[in-house]
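Form predicted alone, single chain, as structure tokens, below.
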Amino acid sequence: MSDLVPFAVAVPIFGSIVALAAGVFRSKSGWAVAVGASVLQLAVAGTLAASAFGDERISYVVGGFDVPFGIELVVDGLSATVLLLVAGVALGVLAYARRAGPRSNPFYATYLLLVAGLSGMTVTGDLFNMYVFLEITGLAAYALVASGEDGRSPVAALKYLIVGTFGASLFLLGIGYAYIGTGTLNMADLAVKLAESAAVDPTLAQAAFALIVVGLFIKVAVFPLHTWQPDAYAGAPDTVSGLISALVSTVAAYALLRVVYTVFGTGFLESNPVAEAMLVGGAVVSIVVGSLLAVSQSEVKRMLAYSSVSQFGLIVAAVAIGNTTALVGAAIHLVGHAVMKGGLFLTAGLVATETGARTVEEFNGLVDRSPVGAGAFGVLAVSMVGVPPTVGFAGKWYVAVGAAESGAWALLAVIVASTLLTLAYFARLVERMFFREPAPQPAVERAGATTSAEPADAVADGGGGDPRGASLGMYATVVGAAVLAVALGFAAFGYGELLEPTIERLLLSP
């Protein structure tokens, strides 16, 4: 089974190469290649996940070297969850992209390269290798954001590039400090050596922690290091917005959890109150300010982007709490947020394709013009708020209970308040969609979408809309996301029990 682990990364890389090469012979073959590669990767991820919830983790060392000298790939219950999420979301978004575009082979080659980077970040057991995959993910994401026809897409990508490169540089600098102090890059070996406090300069360890965490805060989009996210999410084509909102910050948040507890461990946090304060401060500020900024937005995609700032604050809060219940909640919320937020962005794109509505005001009476879009958006919004029995409720419940178990009452109050804050910006949209008279149909769609009066040939393959309207694949994707948001809520508590042994081992690591 361990020999299967590298295929989780190799399959999308090979698919990316094939998609690019196939474009020489047939310019629109990229989608079929991407689907084939994604199906195969999903099969690999599913097989690994079926074996990863046992007592032992699955490990593979690249090149046959011994640990800690070789690059180790590791799959346990937590990483298997995220790997399966990456593969599943990537395949689901392709059904949407078939009509919504962009449709060029280079786009799908970059799409698969992003999936490869995310998969590599998920399974690597080597800190420098995580940086390499972080950079691959970043470069692919910058290119995908810039693929829209709207003029703000390249501007958003440039901003994302500058801020993201700064975050990756901090992460790399932190790795350097950790290597200077320990002489190793393997995460498990780093944990052992950092636990031997007499052997490592505490200042080096603290500097490494601070730089790595701040670098990942930028990638997660923790306030006030979130500045790249609203423009990137709103300026990208709808397909790309759905993909990166579901996966990029999600995998970065997983990396934060993994590094904090696999490399530094609970003992480091207990002996360094400032390190714990960094996590708590980032969580509280992101939850509160992200929600307040979301309420003030008039464009739906920007509102959803600021909502992500708030929701990832909840993940950081779980990492700061650091007990089994809270970290299980973090895993559930990572999966739930990917489904819910990715579904919301794709639904917003579906609505724009059907009606041209892209602002909060234009969502008035949406149920009459786009009943499927309004219904899916409503279900996903309710799940984001955390109404039972949705997955949004399950994740928040675990994190809140974890805060109570640890006696973090102030943080618990913020977590509970986050539900009311989330309700503040989603309730106004639900009220407008279902209980107001329809708004006049806008003459021109925003953010790269087409106008209802444009001819078919006015839209290039790289555009953000399609004059033929929404496809069955687009409807199936958004409805599937809404159904999953509810179904995962029923499965969440059983999954939590399966994941507990993995989390307990994580917390007990040196």
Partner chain sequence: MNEIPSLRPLAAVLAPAVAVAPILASGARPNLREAWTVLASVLTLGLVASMVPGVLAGDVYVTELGSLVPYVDLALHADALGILFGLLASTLWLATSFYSVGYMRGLGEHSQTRYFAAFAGSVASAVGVAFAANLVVLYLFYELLTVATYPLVAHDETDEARAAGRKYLAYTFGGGVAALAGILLVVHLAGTTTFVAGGMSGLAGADPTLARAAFALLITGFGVKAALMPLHSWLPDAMVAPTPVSGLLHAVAVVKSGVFGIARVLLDVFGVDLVAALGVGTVLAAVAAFTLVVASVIALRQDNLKRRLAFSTVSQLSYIVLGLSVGAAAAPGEATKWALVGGLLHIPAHAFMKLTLFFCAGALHVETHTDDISNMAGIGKRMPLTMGAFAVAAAGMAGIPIVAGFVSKYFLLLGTVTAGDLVFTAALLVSGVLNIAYFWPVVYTAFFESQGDSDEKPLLSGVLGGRFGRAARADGGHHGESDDHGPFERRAPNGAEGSWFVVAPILFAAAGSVVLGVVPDAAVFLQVVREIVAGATAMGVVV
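Residue numbers count along the first chain shown, from 1. Predicted model, so just to flag it, every value in this text is computed and none were measured.
We do not show the form predicted together with its partner chain, though everything after this point is about it.
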Check your understanding: Exactly one of 281, 371, 388, 267 has a non-hydrogen atom within 4.5 Å of its partner chain in the predicted bound form; which residue is it?
Key -> 388
Revision key, fill the gap. Partner-free chain; cross-checking its partner chain in the predicted bound form, the single residue of 192, 404, 277, 410 with a heavy atom within 4.5 Å is 404
Review point. Which of 343-351, 306-314, 427-435, 101-109 has heavy atoms within 4.5 Å of its partner chain in the predicted bound form?
Key: 427-435
Exercise for review: Using the partner position in the predicted bound form, report whether residue 489 sits within 4.5 Å of its partner chain, counting heavy atoms only.
Suggested key: yes
Review point. Can residue 188 be called a contact residue for its partner chain in the predicted bound form at 4.5 Å between heavy atoms?
Key: no
Review point. How about residue 78: is it within 4.5 Å of its partner chain in the predicted bound form, going by heavy atoms?
Key: no
Practice item. May I ask you to check whether residue 493 falls inside a 4.5 Å heavy atom distance of its partner chain in the predicted bound form? Key: yes
